[in-house]
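Listed next as structure tokens is one chain, alone, in the form predicted on its own.
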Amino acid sequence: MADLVIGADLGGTSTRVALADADGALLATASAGGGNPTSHGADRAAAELGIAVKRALDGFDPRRVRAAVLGVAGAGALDDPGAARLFDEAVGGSGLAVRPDFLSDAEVAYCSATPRPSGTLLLAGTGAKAARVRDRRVQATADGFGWLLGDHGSGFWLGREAVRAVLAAIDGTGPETSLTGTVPGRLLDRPLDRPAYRRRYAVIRAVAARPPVALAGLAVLVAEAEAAGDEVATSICDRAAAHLVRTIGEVREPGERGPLVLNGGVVRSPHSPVGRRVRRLIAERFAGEVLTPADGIAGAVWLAVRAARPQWSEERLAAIHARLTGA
């Protein structure tokens, strides 16, 4: 009977698991709730992982699985032995005879874009960080400190800067901007009160009443305002791109020519306001091909194939990567 592998992508919104044969042909996929142990807690995240793995294995013999690679957003939480045990048990409860390999989402995202072993990754979604990748493992990181300490240029950062611009416009200490209408409209359930001091405190209270990372939901308003020619939104996007490229520079070694992978909602599309600027600044500063990854689960499956078939040539593994990613 043919050997099997498992690849998984555990994010804040969902846990996705794919079952494939050792040649990388997908046989089944399944999903469950969010699997980020940092944002959801290890108990809940592990439980969702267990559900997704069992769904993917439905109708298959788990003893045929030769390798399992799981990319985890918030993987640092698994440094805690108790959390790591919960995740091991969640997968082991499905009957697997192999111990899963838990990797960071950065490593899986990088390998979803390229089979080359070394390069650089920029992740810019709700948060933001850059990573130097060597032999398909993260060697060094920059930023990724979270909304309170960093994540400069991220979706959260864009949303926060939008609110700050609105407050400055209301106070008369900053330029007028169309964000003064759209941001409060998203935050409040009624029109802004007047005079100005009542309007500013309404916005401040609305922001304080929400989880801080919810500010990332305002990033789309910045993009819309930039597209309409708003100068304040344009400035915010300019500064976001500068922050992100500076973060790349903290981990990308001088003269490096390996691939530079861009992932995350802020930069993934070359047509988005920040993604467009980041690519322009990268071309001015760095060498190497700029790539965007396929679905993160493709990288996890490919790494599982590598683990299950260490004797295979790089050429054969590269062909499997191309098939999995549609390259």
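The first residue of the shown sequence is 1; numbering continues from there. Bear in mind the structure is a predicted one, so any value in this text is a computation, not a measurement.
A second form of this protein, the form predicted together with another copy of the chain, is not displayed here; the remarks below concern that form.
Residue in contact with another copy of the chain in the predicted bound form (any heavy atom within 4.5 Å), chosen from Arg85, Arg186, Arg164, Arg134: Arg164. Proximity to another copy of the chain in the predicted bound form, taken as a non-hydrogen atom within 4.5 angstroms, holds for one residue of Pro100, Pro115, Gly119, Gly150, which is Gly150. By the 4.5 Å heavy atom rule, the three marked residues Ala30, Arg309 and Trp312 all fail to count as contacting another copy of the chain in the predicted bound form. Partner contacts here mean any heavy atom within 4.5 Å of another copy of the chain in the predicted bound form, and among 224-232, 88-96, 104-112, 156-164 they occur only in 156-164. At least one heavy atom of Arg198 is located within 4.5 Å of another copy of the chain in the predicted bound form. Contact between Ala73 and another copy of the chain in the predicted bound form is not found at the 4.5 Å heavy atom cutoff. Although the partner is absent here, Thr38 lies within 4.5 Å of another copy of the chain in the predicted bound form, judged by heavy atoms.
Mapping the unseen interface onto this chain, Leu215 counts among the residues with a heavy atom inside 4.5 Å of another copy of the chain in the predicted bound form. Interface residues of 75-98, taken as those with a heavy atom within 4.5 Å of another copy of the chain in the predicted bound form (partner not displayed): Gly76, Ala77, Asp79, in sequence order.
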